[in-house]
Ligand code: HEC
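Before any questions on binding or motion, here is one chain by itself as structure tokens, the form predicted alone.
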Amino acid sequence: MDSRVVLFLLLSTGFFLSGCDSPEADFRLDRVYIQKTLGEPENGEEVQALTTQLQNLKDVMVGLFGTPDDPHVPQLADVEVGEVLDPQLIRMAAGPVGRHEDGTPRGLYREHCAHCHGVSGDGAGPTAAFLNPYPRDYRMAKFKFKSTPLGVKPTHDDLRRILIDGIPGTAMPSFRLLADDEIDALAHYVKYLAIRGEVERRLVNLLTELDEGEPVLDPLVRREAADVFQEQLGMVRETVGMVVGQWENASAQVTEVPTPPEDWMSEESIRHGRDLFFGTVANCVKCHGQLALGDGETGDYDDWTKEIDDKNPALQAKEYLALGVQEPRILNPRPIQPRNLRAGIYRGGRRPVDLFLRVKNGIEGTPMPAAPATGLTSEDIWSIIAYVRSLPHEPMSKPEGHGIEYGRERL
């Protein structure tokens, strides 16, 4: 049997997890990222070596983060994880649905989120394949709608706002009716899954830097080569600290939204925004189209899909499926759909401040770029927003009769 098939069968059947007969939930390894990063083993010996490495990696991840039923934050003396992840709130969100002995809820994530986002936070829950867009895969630690620039993690308040408001135009609902501490618990658990996922990915990268056959924190190393163990433990500490530090520093990097000019919604401002929309600097027309229907650039993909293959995601997905990998998020890679601005549905929020952040910061993980540092002033951005907000009120956006379908959205 082809060694590639062996590897993917091992991965797809959960070989590296705690066992098929275990009743406890478990975190699935990031199979696509492992394949992309480590490549394909060429013979049985390489399959065995990779199997050992990934089992060691699994053990390290359990030691750092626990399991879905028994989570904990990494306890490293030089990493203040507790300032980013609240262990008590995480335990409210984790585990099977029920109540703790003190009466506080547990299993909030599994009750409200796992059916779409998956127990592992991989965006591959039981209902994921039926949704468009697919639920967010947290393991890349990228979030679209936030108050921070590209490359910076969202703040805790950013996550709370998405939970409270939902995401219009998607299957992500509002959880406004939940108690404040339950909202906080879910936000902390999302951070926990994202931090855990990014640490796993960075440790997979570490595997590529080791000497051939050198294990990662293998228990035998502790006895036979203490210096190697300490060196690798230092790498793990550094990795966790780097990831957690990015979340800890997010609140200091929030984009300041300036007060709009008094005449920012004037006809003159709207005309200026239209000129910018179709101009070469803002160049909004490239993706959103000549009629702002979202029918400009329709052949691009988001980062979650590009990870499958940045040139031909659909073809690469077929190759994964042929090898036995069954993962809903790669069953049908879809091009990302630019927003139909005439529909007046803005997934990141419809408030002027929300639209300013989308134009100023861009949208993480998507082709939507940040406003160029040179060429667009804050006043220009407010004019673009004024033009965008005027589009749903133009006559062509309100056809008579039963309506006309433009692109994928009915106006």
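Predicted model only: the values in this text are computed from it and were never measured. Residue numbers here begin at 1 and follow the sequence given.
Beyond the structure shown, there is the form predicted together with the named molecule, which is absent from this document and is the topic of what follows.
Colleague: Counting only heavy atoms and a 4.5 Å cutoff, which of 46-54, 28-36, 63-71, 363-371 contacts the named molecule in the predicted complex?
Modeller: Correct option: 363-371.
Colleague: Select from the listed residues 106, 201, 272, 339 the one whose heavy atoms reach within 4.5 Å of the named molecule in the predicted complex.
Modeller: So the residue touching the named molecule in the predicted complex, by this definition, is 339.
Colleague: Considering non-hydrogen atoms and a 4.5 Å limit, which listed residue (81, 243, 194, 287) is close to the named molecule in the predicted complex?
Modeller: Selected residue: 287.
Colleague: Contact with the named molecule in the predicted complex for residue 149, defined as at least one heavy atom pair within 4.5 Å: yes or no?
Modeller: Residue 149: no contact with the named molecule in the predicted complex.
Colleague: Spell out, yes or no, whether the shortest heavy atom distance between residue 173 and the named molecule in the predicted complex is within 4.5 Å.
Modeller: Although the named molecule is absent here, residue 173 would touch it in the predicted complex, with heavy atoms inside 4.5 Å.
Colleague: Determine whether any heavy atom of residue 153 comes within 4.5 Å of a heavy atom of the named molecule in the predicted complex, and answer yes or no.
Modeller: So residue 153 does not count as contacting the named molecule.
Colleague: For residue 308, is any heavy atom within 4.5 Å of the named molecule in the predicted complex, or not?
Modeller: Close contact is absent here: in the predicted complex, residue 308 is far from the named molecule, nothing within 4.5 Å, heavy atoms only.
Colleague: Please state whether every one of the three residues 115, 162 and 345 places a non-hydrogen atom within 4.5 angstroms of the named molecule in the predicted complex.
Modeller: Yes: each residue has a heavy atom within 4.5 Å of the partner.
Colleague: Is any part of 112-144 within 4.5 angstroms of the named molecule in the predicted complex by a non-hydrogen atom, and which residues would that be?
Modeller: Counting only heavy atoms within 4.5 Å of the named molecule in the predicted complex, the contacting residues of 112-144 are 112, 113, 115, 116, 117, 131, 133, 134, 135, 136, 138, 143, 144.
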